[in-house]
Each structure stands twice: as C-alpha cells, then as structure tokens.
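Take a look at this single chain in structure tokens; it is the form predicted on its own.
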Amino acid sequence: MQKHSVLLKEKLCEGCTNCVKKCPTKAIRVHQGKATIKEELCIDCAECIRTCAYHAKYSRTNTFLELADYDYPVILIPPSFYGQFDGIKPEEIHRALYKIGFKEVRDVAVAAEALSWKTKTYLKDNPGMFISSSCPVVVRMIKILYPELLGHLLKLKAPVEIMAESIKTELREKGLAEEDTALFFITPCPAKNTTIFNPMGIEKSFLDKSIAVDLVYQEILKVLDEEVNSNDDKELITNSTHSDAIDRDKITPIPYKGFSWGQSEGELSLLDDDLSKRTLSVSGIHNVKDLLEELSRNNVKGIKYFELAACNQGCVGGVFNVANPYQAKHNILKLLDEGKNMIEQDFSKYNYDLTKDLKAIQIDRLDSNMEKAMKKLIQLEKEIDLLPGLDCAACGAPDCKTLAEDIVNGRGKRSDCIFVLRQQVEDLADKMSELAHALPPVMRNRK
C-alpha cells in the first residue's frame, strides 16, 4: 500500500547527497551513488524535491482524465490557490472550473472560516498550549520526532476534511449515488495528497482524488485564454453545451476572509485580538523543527497557540504551486480587502472533531528487542567515538551519528566515512613503507 506521495526516480539520482543534508527527519541515504528514502521516516515535506537539481525526487497526483469516471465530480479549492493568480477574480476561476467539467466548485475557505470560530471556542475552553493540526507535515513530524508534544495538537480536523465531509452529506441528501460522485481537491503539496490515502486522526478521508495546483492552473488559463480569443464571452456562455454548468447563479459567495488561511499568519488573523496576542506563527520546515525542539525542552513560554506551516510563507509555498510564495502571499493579501466579514453560514453544521487519537510513530532505530538494542547502543557509542563528528554527509548519511546507527544495523561500514578511509589508507601506506625498508636479519647492522 502506498504511504507517501514523495517518490524517487533512481536512474536520475547522481548521488550528490544534497537531499540527505536537507531532509528534516534524516529519511534519505545515498549508497553506491543512489538515494533511497526510508519510508517510515518520510513526512512528505518535499524538501528533497525542492533540493534535487536532477529531478530524481518527484510527486504525482490524479489528472483531469479521471473526471470522466464520475457523473458528478466536485472540486474543492484551497485558499492558497487564489494566490497563484494576479488580477483574475475568484468568480472567473470558479466559472473556468465549471467549464472544465466539474458539477460543483466549492471553497475550502468556507470551512476555514468556520474552523476559526471553532478554534477560538476550543482555546477559550481548554487550558494549556496548543499547536494547529492543519498542516499534515507538522502533525507527521510530531508523531515521529516529538511524540511528547502530541497532547498539544489541536484535536480538530483540517479545513479541507471538514468541508469535504459536509459536501458528502449534501450530495447524499440530493440523492446522488456515492459511486457517481467524487470530491477532487486542488492540492498545493504532496503531503495533502498523502492524507487522502493515509489519513491521520480520522478513519478515512472524505476526499476521493487530488490534482496538483500546477495542472489545474494551466487548465484554467487555457479556458480563460479561449474566452479572450472568442472576444464574446457572453455569446460563448449562451451557446455553450455546458451552459447549465457555468450558470453564474451556481457561483457561491466568495469567502474572502477565509483566504487568509492560505498564507502564514492567516489562521491567527481570524482569532480574537486578545487571543492573537498570545499566538505565534512559524513557517518553513526547518524553522518549524527548531521551534518544536524548543517546545520539547519547554523553552517557549507565554504562547497559547502556534500556527505552524511546513512550507515557507504557508500553503502558498507548496511545491505544486506556480507563483513564488512571496508573490502568492501578496496576491492573497490584496484579495482580503474584498471582504470585510466572514460569509453567513451555520457554524454548527460541521463535524470538527478528530475521530481517532494521534499516536506516535515508533521508529526502532537500533532494534525492537530490548536486549539486542542495549548491545547495539554500546556498539553505537564506540562507533560515534571513532567517527570524526564533522557531519559532512559525504558517506551518504546525514551526519556521523546516523552513519554510526547504520553501521550498527549492518546498513553501512566504517570505511564509508572518507576521513576514516583516508586514515586507514595512510596507516596502510605507513605499514607498506615500513615493510619496504625492512631488511632480513642477516643483513641488519651491516656497515
């Protein structure tokens, strides 16, 4: 069963180790010039995709070809998606998606606004410090590296799952058969694609498919270009065989306030002023990891709520996006001026709560058998002392400690370290030199 969305094309790998050094969970090794990804440590953060100059790391999603498999496909737009466009209104994007073939176009920002209301209530009712659980990379990182912080994760679903569950209910109430419908999500990153087939905190995702932002972006531009070329948008709509699908009445109210969730600090901006003074937003996977390290040491005080996003500047920094994160954030901030209030809706209609506990992912770094693990721990300490401690990654492991773990577990050898190897060669050369100048006993002391 597939567990992750970050994939590897081994034949393209040049063994440069850049990905090894950037991976925040030390999930990548390079042996014999080729990278491998340790599945149990991967969190789908896509740092390796960003780093790899040879495109050996990649990710894929569903495509528009799969629309034909369903009578009633629905597409969900994440708030960050609007940041990809400069000067194109949300209504135009909705209309283009209807023309592409979706029967309904829905904004995740609607549920984001509702979740902001729920979060405010939750934080006021529960003492202690909490971490947003909306970024799946952050949640997975805590499950693997910082299980002591699991109790601080907000026990609420991500906006996209809240929205998807609500839409599924609506479709059933309309009498649509489940096999005829499908919810497609425009995903900005591999991690959100992964939550569809490997969810956290719920039994099963309410989403059915995902399509990467760049694929949807190109298709929308194609539709809009065709409209411009026609020079008669009105006539095009009237004569279109899909006229029922592009009825402007189908375009729902635009949740501008909820768009703020697409960029860093956006989730916090929708909390009350008195609460927002006790919050902190951090984006970028390595910044987030640094903060989690400090939280695990209890070195951060006075903060009630943390908004953490693995991608730089929030979801606008997702690897599937087209616009750079700074431009996309600017575009979203401009859109926020279009709406002064949240849209009117019944916040109580959503099911916010996670239905499963978020549990730690146990990684047996040495051995699952306690007795063997203790023996390996002693050997590990010896190996660490023998290695130079430079953490250069030239051995194919991210640092000397990890190489020592690989040696103890039989997945590496001491001579993988170039410095140890060089010392071994020097010792051998010295020995050979000594032997070369050695004389047999009968020739010694001859003057």
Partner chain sequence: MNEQEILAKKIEKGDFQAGGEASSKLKDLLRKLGVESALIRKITIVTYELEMNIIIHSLGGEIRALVSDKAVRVIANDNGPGIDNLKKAFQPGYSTASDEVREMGFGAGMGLNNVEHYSDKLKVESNADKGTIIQAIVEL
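Note that the structure is a prediction, hence the values are computed from the model and not measured. Numbering follows the first chain given and starts at 1.
This next part talks about the form predicted together with the partner chain, which is not shown.
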Only one of 379-387, 56-64, 415-423, 28-36 has residues with a heavy atom within 4.5 Å of the partner chain in the predicted bound form, and that stretch is 379-387
Exercise. Verify the contact flag for Arg297: yes if a non-hydrogen atom of it lies within 4.5 Å of a non-hydrogen atom of the partner chain in the predicted bound form, no if not.
Key: yes
| field | Interface membership of Lys301, the partner chain in the predicted bound form, 4.5 Å heavy atom rule | value | yes
Touches the partner chain in the predicted bound form: Tyr352 (any heavy atom, 4.5 Å): no
Q.
Residue-level contact is defined here as any heavy atom of the residue lying within 4.5 Å of the partner chain in the predicted bound form; does Gly101 satisfy this criterion?
A. no
Checking Glu170, Glu338, Asp214, Glu293 against the partner chain in the predicted bound form, the residue with a non-hydrogen atom inside 4.5 angstroms turns out to be Glu293
Only hit among Val322, Leu358, Ala373, Val223 for heavy atom within 4.5 Å of the partner chain in the predicted bound form is Ala373
Near the partner chain in the predicted bound form, with a heavy atom at 4.5 Å or closer, the residues from 259-281 are Arg278
